[in-house]
Ligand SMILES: NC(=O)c1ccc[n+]([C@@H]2O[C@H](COP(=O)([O-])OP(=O)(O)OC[C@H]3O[C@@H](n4cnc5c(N)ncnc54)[C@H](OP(=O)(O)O)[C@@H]3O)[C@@H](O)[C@H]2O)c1
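This document opens with one chain alone, in structure tokens, the form predicted on its own.
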Amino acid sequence: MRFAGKAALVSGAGSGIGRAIAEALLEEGARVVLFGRTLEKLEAVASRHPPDRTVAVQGRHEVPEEAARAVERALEAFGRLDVLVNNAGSFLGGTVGETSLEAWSESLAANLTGPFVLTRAALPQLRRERRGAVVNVASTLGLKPIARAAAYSVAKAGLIMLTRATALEEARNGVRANAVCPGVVDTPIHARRASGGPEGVAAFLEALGKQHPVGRIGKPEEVASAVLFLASEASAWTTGAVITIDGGISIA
């Protein structure tokens, strides 16, 4: 119960990695604000836990008023905020030459501006106990781009630098900031990229797994384990770190 008595805010908590992180925090004693765009998904996660342990807040992290409301709900419900996990994001494919300015702006808003806006809103509360923790979910594509993922790769690289800037500036305030860089993880985003029904999705994920030296794609729970370490007192001397959780794909 590493998070007993603490409160966390997780963006993109309705599915995939964000849901796994929120569930893991709840299992270890935290109270959690579930923040995301689809209220039904957030409420489905909340329904699995006592009502005094979760709050579902619908909103977009790149909109300052909506990000501020999520932080306010943490204070109203729990009286504090100790952990922020910037997980929400979206993948948009395309080369530099074919990506429109609108698509470029959309990708940066979802994957970089959103974490900045939400972090900025949360910092005053994270500083209160001088033990605040920010964990950003970046990507191996922020370290090593692939073709046809220009905007996403650039945004995730920016998120890594945002992590380091936050760590440097907030150390004196008792707030740590770290990032994880997952490889391909079994989440709904990849199922939408495949065709041919369930069999096509399975074949697509198997092919992606073969690109990783360990021979498979990751599980959301495996990313959540690393996030919880970085958010916990077990990593009290760790800030500005960027940890790959990727089955070795970043060194392949």
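Bear in mind the structure is a predicted one, so any value in this text is a computation, not a measurement. One rule holds for the numbers: they count along the sequence shown, beginning at 1.
The next section is about a form of this same protein that is not shown, the form predicted in complex with the named molecule.
- Per the 4.5 Å heavy atom criterion, the named molecule in the model of the complex is contacted by stretch 183 to 191, the sole one of 196 to 204, 25 to 33, 183 to 191, 44 to 52.
- Here the marked residues Gly18, Val137 and Tyr152 all reach the named molecule in the model of the complex, each with a heavy atom within 4.5 angstroms.
- Residue contact check for Arg60: one or more of its heavy atoms lie within 4.5 Å of the named molecule in the model of the complex.
- Contact between Ala88 and the named molecule in the model of the complex is found at the 4.5 Å heavy atom cutoff.
- Interface residue remark: Arg37 is counted as part of the site for the named molecule in the model of the complex, having a heavy atom within 4.5 Å.
- Contact check for Lys156: a non-hydrogen atom falls within 4.5 Å of the named molecule in the model of the complex.
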